[in-house]
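Next up: just one chain, as structure tokens, the form predicted alone.
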Amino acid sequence: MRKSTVAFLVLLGFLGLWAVGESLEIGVLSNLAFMTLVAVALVLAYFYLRFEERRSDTKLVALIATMSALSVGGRCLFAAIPGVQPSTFIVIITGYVYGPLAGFMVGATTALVSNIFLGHGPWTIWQMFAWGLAGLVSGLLGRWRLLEGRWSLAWYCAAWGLLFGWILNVYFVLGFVHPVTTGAFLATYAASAWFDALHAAGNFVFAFALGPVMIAMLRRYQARFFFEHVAPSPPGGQGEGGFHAGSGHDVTEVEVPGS
């Protein structure tokens, strides 16, 4: 059995245990802050194990590392400006071009590495989840090329600036606000509105100014170095076997012999 399958089954078992603990009010099993933190950590473990098991070309691994480093550097460079950093934009375009798993890996790695410089804490896991989710969803949209226009990409990145903050607000309320009430959530979201608005505005500017150029650059790299193996057609069928430029979305990347 694959390790990612084991992680998924553990996640399901944990959610079931959480439901029982919540209904019976059993100590730590009814602690929302702790249980949600563990659940998010298990989700991250599942995706990291999925990536480990995937037969990824070394060029894809190098590209994920490069985009993660670019995202980390951008976040650290703009750290003095609250909410404004290019990381969300970089995660989104990586996922959009190279697929959900690549986007998730860049997003999760961005938070993990950048917090070495900016400070680790329980929020790191939630940031990994939020940025990973941004890359994952963008990768799913990339299958149908739904963000090709400059304006659509910019507004989409702006929306993720808000969503990122809202996801982190859930962590804050569950971890530091007692009792957890609707009013507590509303007050938290109102207090963070300016910060989330700056994040959204920064994402919009980065995506509008650099989005089409960055996506075109990533696609040129993809067309040049990534290929999908095509099985030979059956006798009498149309087409031939061989290699053609891959889409980057859940294909097996192989190197052309002699390249």
Partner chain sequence: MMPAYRMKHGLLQESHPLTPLLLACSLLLLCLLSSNPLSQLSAIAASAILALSSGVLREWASWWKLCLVVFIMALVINPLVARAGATVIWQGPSLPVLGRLQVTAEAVAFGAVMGLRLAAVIWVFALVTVLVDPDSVLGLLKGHGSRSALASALSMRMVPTTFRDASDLLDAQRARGLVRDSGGRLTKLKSRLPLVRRMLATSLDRGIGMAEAMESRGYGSSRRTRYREYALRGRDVAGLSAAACIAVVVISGVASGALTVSFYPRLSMDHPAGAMIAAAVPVLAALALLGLSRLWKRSNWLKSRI
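Source: prediction; values computed, not measured. Residue numbers count along the first chain shown, from 1.
There is another form of the same protein, the form predicted in complex with its partner chain; it is not shown, and what comes next is about it.
Interface residue remark: residue 30 is not counted as part of the site for its partner chain in the model of the complex, having no heavy atom within 4.5 Å. Not displayed here, its partner chain is approached by residue 57 to within 4.5 Å at the level of heavy atoms in the model of the complex. Mapping the unseen interface onto this chain, residue 176 counts among the residues with a heavy atom inside 4.5 Å of its partner chain in the model of the complex. In the model of the complex, residue 105 approaches its partner chain with a heavy atom inside 4.5 Å. Interface residue among 146, 140, 159, 184 relative to its partner chain in the model of the complex, by the heavy atom within 4.5 Å criterion: 184. 217 is the sole member of 39, 217, 26, 197 with a non-hydrogen atom lying within 4.5 angstroms of its partner chain in the model of the complex.
Not one of 1, 7 and 136 is positioned with any heavy atom within 4.5 Å of its partner chain in the model of the complex. Contacts between 111 to 125 and its partner chain, taken as any heavy atom within 4.5 Å in the model of the complex, involve 112, 113, 116, 117, 118, 119, 120, 121, 122, 123.
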